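Before any questions on binding or motion, here is one chain by itself as structure tokens, the form predicted alone.
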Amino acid sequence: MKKTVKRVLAGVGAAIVLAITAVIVNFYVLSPKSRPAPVMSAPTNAEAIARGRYLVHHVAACVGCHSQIDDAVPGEPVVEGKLGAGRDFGEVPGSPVHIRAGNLTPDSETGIGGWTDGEVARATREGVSKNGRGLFPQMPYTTYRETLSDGDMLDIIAYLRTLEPVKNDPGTTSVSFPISMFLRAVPKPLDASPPPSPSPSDKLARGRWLLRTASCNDCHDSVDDKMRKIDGMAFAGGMKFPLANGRGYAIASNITSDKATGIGAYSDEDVRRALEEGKGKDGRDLYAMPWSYYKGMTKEDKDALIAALREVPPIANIVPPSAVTAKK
């Protein structure tokens, strides 16, 4: 009997060891899943650079996260001389995460000057850095892998190569265990390039693409107290964004088509004013909303984006007003 118990315990112990080994192998040896950076070459012509600039500044708004900004000013303008030079977001309240966005300027030491075009594309759409490190998914590579075609990606790189090099190392995002273990499983290789972005002539398709590529859901989806998205609450608002220097916090609005608590009662001009002037329907300033970048969208793209917002299902969710004090 005792031998039987010992054999059972030994078997259980062996199973536990195998399970732990499997977890370690899966998350620390096999993850993040990656492939060699693809061989790609960005164009250098003026048309490609101009299109890349449009995507970087006014659609994906890359510079809004990858630049030092002044969050005391509505629209979060870039600090002079810091365009694309990276940003330290600080620690996420109540979470073991310290977020830092990398330097996108062509500085050879602290930026992407030493990266190949394929390495930049892999990081942007597959979530794997030059050195094989998995990127924190605040960088919306899970979206870009589905929306940015090879042409889009190469035009973006073409523009980034023209930025003024700035020597600045914001550091890398740090995430404590066990969250760090599970985040390693998020990156994955791109199977095939997404199709080109829809033509402005296909208004609704273009608007849906813009809504995703501009990552509107990343700020406007409702989340719980652990910053996990709540099922069935897409675009319903409520996420808090602490502002620097103890100036309070901004709260993302409900941008569903609900007429009482969302933007269903907004006219197209009301929505356009939010995108172009950073003003809510009631005239209040919108903090943490990067409207200063989106205002540069073409009129056709703004119309398309508004059309896509109109089809977002209504969700009744009362969002309290932001609590922002004057700049200190």
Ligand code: HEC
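Note that this is a predicted model, so its numbers are computed, not measured. Note that residue numbering follows the sequence shown and begins at 1.
Heads up, the form predicted in complex with the ligand isn't pictured, but that's what we're talking about next.
A heavy atom within 4.5 Å of the ligand in the predicted bound form is found for one listed residue only; from 203, 145, 82, 100, this is 100. The single contact residue among 168, 257, 222, 129, judged by any heavy atom lying within 4.5 Å of the ligand in the predicted bound form, is 129. In the predicted bound form, the ligand stays beyond 4.5 Å of every heavy atom belonging to residue 300. Contact check for residue 305: a heavy atom falls within 4.5 Å of the ligand in the predicted bound form.
In the predicted bound form, the ligand sits beyond 4.5 Å of every heavy atom of residue 180.
Taking the partner from elsewhere, residue 54 is found to have every heavy atom lying beyond 4.5 Å of the ligand in the predicted bound form. Within 4.5 Å of the ligand in the predicted bound form, a heavy atom is found for every one of 124, 135 and 253. Contacts of stretch 58 to 78 with the ligand in the predicted bound form, defined by any heavy atom lying within 4.5 Å, are made by 60, 61, 62, 65, 66, listed in sequence order.
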